[in-house]
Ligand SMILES: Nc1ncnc2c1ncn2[C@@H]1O[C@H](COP(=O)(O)OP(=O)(O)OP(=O)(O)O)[C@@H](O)[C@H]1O
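Below, in structure tokens: the form predicted alone, a single chain.
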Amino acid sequence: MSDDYLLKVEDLTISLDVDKASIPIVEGVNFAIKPGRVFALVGESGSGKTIVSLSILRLLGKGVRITGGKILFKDNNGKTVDILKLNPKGKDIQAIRAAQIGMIFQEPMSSFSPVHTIGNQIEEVVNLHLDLDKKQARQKCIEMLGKVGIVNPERAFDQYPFEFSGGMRQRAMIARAMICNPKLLIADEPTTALDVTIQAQILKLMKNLQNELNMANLFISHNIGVIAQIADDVAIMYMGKIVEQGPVRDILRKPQHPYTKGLLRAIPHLADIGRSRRLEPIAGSVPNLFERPNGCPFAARCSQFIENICDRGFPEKTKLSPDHSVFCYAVAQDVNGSQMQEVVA
């Protein structure tokens, strides 16, 4: 990977402790986010996207452990910090959370306290990380509420979350995540619960703010249609592994992994209105976490399955271009132009 990165994840492995067993839920994940760019993690529910994002801020729940890898972050002082070496309850990681890496959580209603005003909860972040007096802190919060498109931000500052619509709560959460002007914003399914019109407004808002502040963004979604609108680079995840990665244009126009192709076939297109084309769901279902297959995790659902190869081990990376790579035996066979040898178990 290039050294031109803000955040770099290397061989990240995360496990779930169940009784006396340790079950890997994320394995060998690698990606880098460049300054000022939007990097997206895409996959079905349970693919490990959110777990990866929470690991960056060391917010994993009880029984979930990071068992390998590095998460390298270039902080405000220009120093490269391995976040995995920091105490998850220590001052060093607390200085990074919100101040340098902000996060928009999946459900804004449950992320705001119902008994405190929106302004109080945004102001709390300001008081923790910025040296401002009460009047200055309040004014900064009001300005940020206005910047994210909330009408009458002075009034909104003193309102409670239940007085906000879903779209307004999401805007307030963006304001809280960006109040300290972080270098990286993590957005976990930020538009899932919103209708299409509000979703488009939120995506436009996030893109405008990202361009204005030259901020990097880790965007997490199961919706490739949303990713097409906002991302520069994308990684497709399946059962805790990245199976394809590259610039969003390459992934959308020239998808290579059978899972990526399946995701694209399963979404509607405006060009299909009035036609008889039916959406094609991906056959089968995601394997049980406790019955993870030995080979490629997508093998049982794959139309390009190669017997005695795909079911023996996870494929090596095949580079299709300097930035586009895929983990698939069938693609590797096509690229190499020769019959693959049976993988030794």
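In this text, residue numbers run from 1 along the sequence as written. These numbers come from a predicted model, not from an experiment.
Another form exists, predicted together with the ligand; not displayed. Remarks below refer to it.
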Legend entry - Touches the ligand in the model of the complex: Gly36 (any heavy atom, 4.5 Å): no
Inset, instruction - Evaluate Glu189 for contact with the ligand in the model of the complex, applying a 4.5 angstroms cut-off between non-hydrogen atoms, and reply yes or no. - result: yes
Inset, instruction - Although the ligand is absent from this view, report whether Glu280 comes within 4.5 Å of it in the model of the complex, heavy atoms only. - result: no
Legend entry - the ligand contact in the model of the complex: Leu320, any heavy atom under 4.5 Å: no
Legend entry - Candidate stretches 27-35, 304-312, 46-54, 65-73 - the one whose heavy atoms come within 4.5 Å of the ligand in the model of the complex: 46-54
Legend entry - Listed residue that, although the ligand is not shown, lies within 4.5 Å of it in the model of the complex (heavy atoms), from Gln136, Gln106, Ser113, Asn127: Gln106
Legend entry - Residues in 288-326 with any heavy atom within 4.5 Å of the ligand in the model of the complex: Leu289
